Every structure is written in structure tokens, then in C-alpha cells.
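Only one chain is given next, in C-alpha cells, and it is the form predicted on its own.
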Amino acid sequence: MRIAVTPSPTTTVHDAIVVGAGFGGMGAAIALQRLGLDDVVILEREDDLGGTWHVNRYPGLAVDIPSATYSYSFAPNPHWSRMYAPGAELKQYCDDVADRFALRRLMRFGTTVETATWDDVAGTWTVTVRDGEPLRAGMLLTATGFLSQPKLPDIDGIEDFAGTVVHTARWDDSVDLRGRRAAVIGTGATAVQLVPEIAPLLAELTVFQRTAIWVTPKLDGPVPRALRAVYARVPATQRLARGIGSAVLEAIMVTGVLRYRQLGIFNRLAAATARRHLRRQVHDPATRAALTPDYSFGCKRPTFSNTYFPTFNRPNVHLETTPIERVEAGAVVTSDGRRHEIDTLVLATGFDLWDANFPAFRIVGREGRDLGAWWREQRFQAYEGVAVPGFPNFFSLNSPYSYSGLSYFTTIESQMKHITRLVTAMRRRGATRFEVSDEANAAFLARMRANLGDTVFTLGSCATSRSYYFNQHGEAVLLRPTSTINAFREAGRFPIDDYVLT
């Protein structure tokens, strides 16, 4: 099936353009190929595929949920070396999937998309790229990821620092940390992985914490070779392991976060588990108190680690919670006037989610509607986490209300299912354009906002969490406030008439 267009005599019109060559973009391309849409172009600004698993390579990088759950269900990997696989294995898995489904031939690396504009007369999207010719396609899918735009801290004088500066999303492997005096700014999931790895190399390490993070025990360890062999020979055994792991993650998400009103006891049990973990691992009472979050469990994505807390028992590691006032040529100065002398500054400050990534580039739909401006004026929203009224033939795969569960692959595969159902219906009806109706979108938004009323985001104490789940308006609209089962069920059953097909 090809999305019908009115082509220019000099311009190739592709079936679809996918922006982003991470797991989301590859999943979208696989879904399109299965539908018979073979003329697909995947545009990627980096020099290789893999998204976050290509860009990130800081010490300690690993998946933060069990490896068995972090893969496509239709392309399991029986070869994970650990229960929580290291980053290099995730990158290898990306490469293997691309080879298995012949995706590299569709990819154009080093291609930064600047704008995408819908042409209502031609029925095409025109995508402009930096230092290149525009491309056209009948369908546009954005898979630019949730964590793709590094966030730099807004600290006075940081540009004046005379030493080495490294951001975890642009790690420099040539920097030798041995014997250095370093500061890490940020204590999110990245820092939890990074700090234990670099602390033994450094003469002194000061970790500047603005917000403590909930950390629970990590049931990690090597996957025995014999078990890996069983997974490879009998795939059903790995599917069973995946199912068990997914059920546990789903229970954590549903009971601890999404059904806080009805099942708040489970949230409190999770917080108690994390506090016990902290008490067992950190010797100094003052340090324990500083590492204890003052917001409800689940307001901010929790993480798993057995090594982060013990790092603060080391004599060369210092936790600093006094706010940073400025950075000087050779020091970080806190608001109490103390100078922390350093020669290396490590920025574990995460990603600019809501200001720079929704969307990651300018998208203009029907009648000149600018997606970024519309989201900010009319609330962040997307029907079933994939479609936006006023934007025909467009799937936004990293959208408000799209992230389902704790594994990104549940989101990807439910979206693949949605795409498949819709395009199949278009084929049956002979349609060439789709656009979600205003009424269907409004009904979905109302239902999601009502569901949020039961979550920890609404009923818990989240004011001090500084969570990326919340946008600049204080709304927690990143996660879909339903079970993963609900997301998959609706991806296969949503009313086709919620879309206008022409």
C-alpha cells in the first residue's frame, strides 16, 4: 500500500519518513514494512543507529529494568550477560535488530531535521534537513525519543570553568579521571549508575544533590551460560521470564503510582523498602538523612542500585546539598560561600524534555497549526499517545500520554499495533489520509485527565520532586495513566471512526 499523493515531477515522494533511528523509530519502520510500505526513509541526526544507546556511553551505563523485559517481544535476545544488561549490549542489540529486519538500508545518518510541513493540496509532508535537500512523504512519524536533548544546568559562571567539562550524554572516553578532583552535578538515574564507577578513580569527588532519588535494591547478577543456552534453544522459557519480569514491573507501576488512591499502601511499602535499603548501606546518619527523598515514591522515576549508596561511605566522596551559587575557573561555590576546588566537572543533568523535545523540531500541520505552540496553548495531548488533530498522516511516537509501563518496549509495541490497525483500515476503505477527530481527541484527553486524579502525581506529595514527568505547567502527562494491558487492548480496539479517513 502506498499513501496516495499528487507528486511533483522532480521530487520523489516516499511512503513514509521516520525521524529517529532508536528503538522507537526501528519499531515504527518494522510495522510499516509489515504493512507493505517499503519506501520508508529513517532520518537520524547521529552518526549511527541506537538512539540513547548510541549517544550514551558513560561508565556504568546499563538498562535500569530487567534485560528480559527490555526488548521487542518478536525479537528476543537470549544472550544478555546480566539480569540488567550493560549499555554496550543494548547497542549491540540495536545493531542486531537493524540487521535482522534490513533497516540500515533505510537510514540516513548525520541528518538533522529542522522542520516538517504538511501540504494539504498535495497530501504530503515536506521535511527540511540541515545542509540537504528537502524530502517528501505521504506519512510522517516522529520517534525522536523522550531523552534525546541534553540539558545544561543554568548556573552562573559555568562557561568560565577552566578545567574539564563532560556531560554524561556526550561522554569523552579520552578523559582520564584517575587522581582528579571532580564534581558531579545531578543525582538522577544516570548519576546513580555513574558515581560508583568513577569514585574509586578520583582523588576527591563531590556530588552536588538538588533532589534526592528513591533507590531500591537491584536483583542483579550474571545470567548463567547454561540458562542463556536454554533461552536460545527453547524461546518459550525466555518468554516466561519476560512475562514474570513484566508482571512485576506492571505491579510496581499500577499499585505504586497509577492506583495511588485505591492502593496507596503499596506505595508506602515501596518507600519503606527503599528507606531500609538506604539504612543498611549508608553509615553516617546525616548523610542518610540527606539522601532520603522528601516526596512520595513514584513522583520521580525510581531506580535500582546496590552500589550507589555505599559510595558515600568512601572517604574521598562528599555529598553536598547546599545550592550552587556559581562556578568559577577552578571551583564550585555554594550559597553559603564555600569554594569546592575541582579540576573536572561532570554534568549528569539529564535531558530537556518539555522545552526542547515536544516536539524536537518544528512541525506545521493543516491550516498552519504549529504543534509546539498548539501543545503549549491547548495542553499537551495526543490521542492514544500517537495522533494529534490538525496533523493528517502523522504519528507522534514520543507524545504526551504515550509512555506505558516501565519498559519502553511496551510503549513501542502498543504504538506499532495502533499504526497497523489504522493503516489496515485505510486500505480496506481505500483511504489515503487520516486525521484524528477533535471529538475523539477531546474524549481521550478528558479520560486521561480523570485517570490522573487517582495517581501519586495528583494525590501524593510531589512538589519537591522536580520530576521530568511533569511539564512546565505542572501536569504529569508523560505517562499514560492506565495499565499496559489497557494500552494494548485499546491499540487493537480503538474505534476506527475516531479518525476521519478520506
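Each residue number is its position in the shown sequence, starting from 1. Everything numeric in this text was worked out from a predicted model, so none of it was measured.
Another form exists, predicted in complex with a small molecule; not displayed. Remarks below refer to it.
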Choose from 345-353, 279-287, 100-108, 423-431 the stretch whose residues reach within 4.5 Å of the small molecule in the predicted complex, heavy atoms counted. 345-353
Is residue 447 one of the residues lying within 4.5 Å of the small molecule in the predicted complex, judged by heavy atom distances? no
Contact of residue 154 with the small molecule in the predicted complex (heavy atom, 4.5 Å): yes
Check whether residue 338 has any heavy atom within 4.5 Å of a heavy atom of the small molecule in the predicted complex, and answer yes or no. no
Quick one: does residue 473 come within 4.5 Å of the small molecule in the predicted complex, counting heavy atoms only? no
Considering 454, 46, 435, 64, which brings a non-hydrogen atom within 4.5 Å of the small molecule in the predicted complex? 64
Selected contact from 215, 191, 113, 371, since only one has a non-hydrogen atom within 4.5 angstroms of the small molecule in the predicted complex: 191
Taking the small molecule in the predicted complex, would 21, 54 and 408 all count as contacting it (heavy atom within 4.5 Å)? no
